[in-house]
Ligand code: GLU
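Have a look below at one chain only, the form predicted alone, in structure tokens format.
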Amino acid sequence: MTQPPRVRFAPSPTGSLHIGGARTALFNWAWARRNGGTFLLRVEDTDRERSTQAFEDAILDGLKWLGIDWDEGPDLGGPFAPYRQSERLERHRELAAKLLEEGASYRCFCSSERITKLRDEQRASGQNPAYDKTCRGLERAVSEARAAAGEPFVQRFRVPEGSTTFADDVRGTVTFPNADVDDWIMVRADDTPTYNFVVVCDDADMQVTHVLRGDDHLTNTPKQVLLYRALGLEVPGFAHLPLMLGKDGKKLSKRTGDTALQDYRDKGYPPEAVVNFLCLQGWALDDHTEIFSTDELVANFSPKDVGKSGASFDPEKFLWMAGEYLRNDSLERVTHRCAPFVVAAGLMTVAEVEERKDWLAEAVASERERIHLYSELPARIAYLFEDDAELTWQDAALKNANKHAGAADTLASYLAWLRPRLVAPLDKDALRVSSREWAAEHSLKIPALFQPLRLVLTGAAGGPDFFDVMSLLGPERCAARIEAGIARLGAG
């Protein structure tokens, strides 16, 4: 590489950002950042019926959530603006006219009905559907006269004989026989350009040096390489990234895993875990490291190191990785990221989160070893917000408590001892030790005290240390819960 790369990510705002697209953006971004290059964002919004500003905003927000920034784009501008494809139509028409004038393309007056019939006949005879080049040999004067008379036409690229070869950083040298490349449509009958035409126009005008994209674009590449050459332009470098596959070995779909980046954001995945996991879909830091930082990605990524075969998307491994990031992050940041889910669950208001952020951090600390996602916290701490007298008791927790005869009497005796020690701030460690001593003095095995106590404090058979729970509930609510629990156990 003789110059810093100029790479791009060019999403279409017709839906949510696919995680495969997010991975493509990450690889382009990392390659640019590693080599002091430029990463530009271009919005390919020529599908007027389906493109929306809401989708565009969501895509940009998703990239920012992953930590991806760009040097040029529709929101930033840049030396090759505009960066929305729909705003570049005059330039596209200019280049289409140039190719038509030079004979690199031609007008095709065949009706859509004729093309449909032709393709049906080809399929019926076992052929690959392709245009039969009926209009390719029209004399220029005839073509111009028919167009001037108002006859509708499309503009097709004139694919030459021979073959098309290009270098691919992932696949090596790739060759396509030109006989397998159709005389494809550059401009539709309504004068709107097609993808394969405008992507080359825009990449060339924006001086893109390397095109890193999904393997599903491989068959488009010979068309685009031929177009570069017809325009007299230098062909960029290519790297076609392997498809992301479900565990069934087929292209990732909703059946085998969520496919939209927004789904993982909404579920509470740490963005750093998403970056890490997506980059493992086709690339690796080395032969043994599974968890690595974004900085390590940037320092080491090269498209030449991307594997050729499709990467298997493992949701279970993804969830495990999310938990690893959550547990190893700072408590402050985990709390900050859990807070919106706590609010959405109706457990606290935004104001209450701000007023009690130290308390919420303590609640997060009590559960972070048992959760993988930020969204899992509300269900884990919901018991702290229940009415003390109507706390939900799980069957398993009640069964554990009932193993011990006289559980209600044990708790009543313990509460009498505990009351003077329930002071704020609660000394959890001292209370833990002294409670064990109390049990020993009363000839009780630890479960005979602790299992009923866990029931009445949390309603669950397992969970955080209940001396942590006592601290979270506070002295008054601790006493109220134990007292209510004694009454329920006695009545039971």
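Just so you know, these numbers come straight off a predicted model, no measurement behind them. A residue's number is simply how far along the shown sequence it sits, counting from 1.
There is another form of this protein, the form predicted in complex with this ligand, and it is not shown here; the text below is about that form.
Taking non-hydrogen atoms only, Phe109 never approaches this ligand to within 4.5 angstroms in the predicted complex. For Arg337, no non-hydrogen atom is located within 4.5 Å of this ligand in the predicted complex, even though that partner is not displayed.
The closest heavy atom approach of His92 to this ligand in the predicted complex falls outside 4.5 Å.
Taking non-hydrogen atoms only, Pro11 approaches this ligand to within 4.5 angstroms in the predicted complex. Each of Tyr195, Arg213 and His217 is positioned with at least one heavy atom within 4.5 Å of this ligand in the predicted complex. Here the chain stands alone, but in the predicted complex its contact with this ligand, taken as any heavy atom within 4.5 Å, falls in 195-203 among 181-189, 323-331, 195-203, 412-420. Glu44 is the sole member of Asp69, Asp427, Glu44, Asp61 with a non-hydrogen atom within 4.5 Å of this ligand in the predicted complex. Annotation for 424-453: no interface residues with this ligand in the predicted complex [heavy atom within 4.5 Å].
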